[in-house]
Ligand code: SAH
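What follows is one chain in structure tokens, specifically the form predicted alone.
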């Protein structure tokens, strides 16, 4: 048996990759994170195979399925939300497979931060503004190492995307405001790409109140940075050199100024 870890994408069932979809179609067993993965993804699976919802299972219970089927021909489609490399809890599963000599593969997926940027119509790396995107979270039940504290990550004012932090947005704002400034744009994107997607745009000074008024307490990203000025100030940034008519690169010779 081979375990295939599949990124199902952020919510929209059409945002799964073709490779991921095909792997689900061919699977002999499906295990999916029912608390986060859109159940519409299951329509790609055969109707007569075992399907397990891992939202009510622990690590040992999931791995027991791998172990019990290790000597059987076929594949297990282990479906995670977004891209499984970001807060996907796949490393311990991969290590179990390595330890038990179970074949495995990872198929990447579209992350929620990418879907959120698409919903905003926002590039996260603008020349002269920010060339760095930081994905992180604030400390909670899962601690963040001190070397990656929010204060330290924010020091260079990157385009900052925070997962799993919406319930502590007041704390987030209190930490970020002295660094970014209270007028810096802050977007909160709830359930990016789902039918009930919501976008709340404010600043570090008022976003916590706006989020509270909207009643959002989970499944939302916090997105902060100077790049988001583009939502109200078109062309405030430098243009990319890639399409600059005077810029020469490996595929095109630039023109000279007249």
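Residue numbers count along the first chain shown, from 1. Remember, predicted model here, so these are calculated numbers, not experimental data.
Although it is not shown, the form predicted together with this ligand is what the next lines describe.
Here the chain stands alone, but in the predicted complex its contact with this ligand, taken as any heavy atom within 4.5 Å, falls in 187-195 among 187-195, 202-210, 61-69, 24-32. When this ligand is considered in the predicted complex, only one residue from 164, 173, 106, 134 comes within 4.5 Å through any heavy atom, namely 164.
Proximity of residue 111 to this ligand in the predicted complex: non-hydrogen atoms within 4.5 Å are present. In the predicted complex, this ligand lies within 4.5 Å of some heavy atom of residue 219. This ligand is not shown here, and in the predicted complex it never comes within 4.5 Å of any heavy atom of residue 230. When contacts are judged by a 4.5 Å heavy atom cut-off, residue 86 counts as touching this ligand in the predicted complex. Heavy atoms closer than or equal to 4.5 Å to this ligand in the predicted complex belong, across 132-158, to no residue whatsoever.
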